[in-house]
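The data below hold one chain only, encoded as structure tokens and taken in the form predicted alone.
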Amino acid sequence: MRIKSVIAASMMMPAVAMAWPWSTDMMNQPSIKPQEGAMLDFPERSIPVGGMPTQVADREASRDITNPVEATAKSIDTGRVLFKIYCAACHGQTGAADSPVSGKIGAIALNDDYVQGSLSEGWLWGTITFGSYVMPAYGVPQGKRGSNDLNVEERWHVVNYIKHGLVKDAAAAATKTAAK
């Protein structure tokens, strides 16, 4: 009889052990969960780590800004990737405004002489940052983050690609198409 009661008691031990306070799930502890509560604004004049401060009020004020990011092969490659993600849907894969939506929204060709010769790098950066009539802003002009935001450096990489790589890529794509 004694053996049966010992066996019965030992079989109930896991149930008793699970009832102790140390067995509570970590998920149920007092804490702030992701997406819970209001997001606090960033402190005034704060700069993201690794970021570049910009003191530009609007697109027009960005016309004379000098590009702080050198147009290296790495920068142009980074800009190419970002261009394909954010810009190609409207401006086309080669920047020729030949995507299905280009004509509907009035997207301009970025590989033409006007953009390549007349528009400054600062103007392109300002257009990416603040948007234009149809184009949305891909910067953070009002201090509010969105899902399409590019940081300051990423926007300069896109400018480097538009000014130093887009025309070459468009010519290579035309050559490839003509060879087929």
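When you see a residue number, it is the position in the sequence shown, counting from 1. The shown structure was predicted, so the numbers you read here are calculated from the model rather than taken from an experiment.
A second form of this protein, the form predicted together with ligand HEC, is not displayed here; the remarks below concern that form.
Chemist: Between the options 136, 68, 117, 37, which residue brings a heavy atom to within 4.5 Å of ligand HEC in the predicted bound form?
Modeler: Flagged contact: 136.
Chemist: Within a 4.5 Å heavy atom cut-off, is residue 108 in contact with ligand HEC in the predicted bound form?
Modeler: Answer yes; at least one heavy atom of residue 108 falls within 4.5 Å of ligand HEC in the predicted bound form.
Chemist: Even though ligand HEC is not shown here, does residue 152 get within 4.5 Å of it in the predicted bound form, heavy atoms only?
Modeler: Contact with ligand HEC, no.
Chemist: Would residue 97 count as touching ligand HEC in the predicted bound form under a 4.5 Å heavy atom rule?
Modeler: No, residue 97 sits far enough from ligand HEC in the predicted bound form that none of its heavy atoms falls within 4.5 Å.
Chemist: Taking heavy atoms and a 4.5 Å cut-off, does residue 127 contact ligand HEC in the predicted bound form?
Modeler: Contact with ligand HEC, yes.
Chemist: Do any residues of 74-89 have a non-hydrogen atom within 4.5 angstroms of ligand HEC in the predicted bound form? If so, which ones, in sequence order?
Modeler: Going through 74-89 in order - heavy atoms within 4.5 Å of ligand HEC in the predicted bound form - the hits are 86, 87.
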